[in-house]
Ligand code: IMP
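To begin, one chain is listed below as structure tokens, in the form predicted alone.
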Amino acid sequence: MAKDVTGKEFSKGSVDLQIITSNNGKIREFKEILRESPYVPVQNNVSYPEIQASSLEDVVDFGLTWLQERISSPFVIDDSGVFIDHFNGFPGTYTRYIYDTIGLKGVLRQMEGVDDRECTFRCVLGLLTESGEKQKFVGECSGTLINELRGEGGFGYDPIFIPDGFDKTFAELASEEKNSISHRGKAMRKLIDFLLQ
């Protein structure tokens, strides 16, 4: 018997698990975290409308329902955001929009002169099972936004985020170290626990 990343045993053999994303960085993280499990992440680039909602859970619920009629299950979707204390949780559900429009340098300009740089990365994974059941798995990682870009790894906001207890940004950490503490890594391990039940 082999063991997955949670320490549970499973029989050899693999099960394809569709990951709905066009983000290659997310796929790399899924492959690394699921590497020792029986699940093989398969990227599906199908796009779906992301509604503007007040919570990541609402965005994921809408995406699961919309995709349910269009692709076969099981599949996983993901919505993540950075919630900055100084801005009362903004950008939150608008994280990707802010990244695409003003970029990290724009975010840092908005933070100039701000002492309170604490924030939380949050990830909600949505799973539609083969039976049509919807499940959500949440992971969080708190830390601070620094005032410069550091590191070559990761993606998104990783070069400006230092997780609590570390002196390196997500972009400077080795992928295994990042995945062990990141919001997405925590949500993925909850997903794996559910899948292996």
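In this text, residue numbers run from 1 along the sequence as written. Keep in mind that this is a model prediction, so the values were computed, not measured.
Only in words, not in the display: the form predicted in complex with this ligand, which the text now covers.
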Self-check item: Contact label in the model of the complex: residue 156 to this ligand, heavy atom within 4.5 Å
Solution: yes
Exercise. Evaluate residue 184 for contact with this ligand in the model of the complex, applying a 4.5 angstroms cut-off between non-hydrogen atoms, and reply yes or no.
Key: yes
Quiz prompt | residue 57, heavy atom within 4.5 angstroms of this ligand in the model of the complex | solution = no
Practice problem: Could you confirm whether residue 87 comes within 4.5 Å of this ligand in the model of the complex, counting heavy atoms only? | Solution: no
Exercise. Spell it out for me: taking this ligand in the model of the complex, does every residue among 136, 190 and 193 have a heavy atom no farther than 4.5 Å from it?
Key: no
Quiz item: So which of 22-30, 39-47, 126-134, 62-70 is the stretch with heavy atoms within 4.5 Å of this ligand in the model of the complex?
Solution: 22-30
Quiz item: Going through 94-110 from first to last, which residues have a non-hydrogen atom within 4.5 Å of this ligand in the model of the complex?
Solution: 95, 96, 99
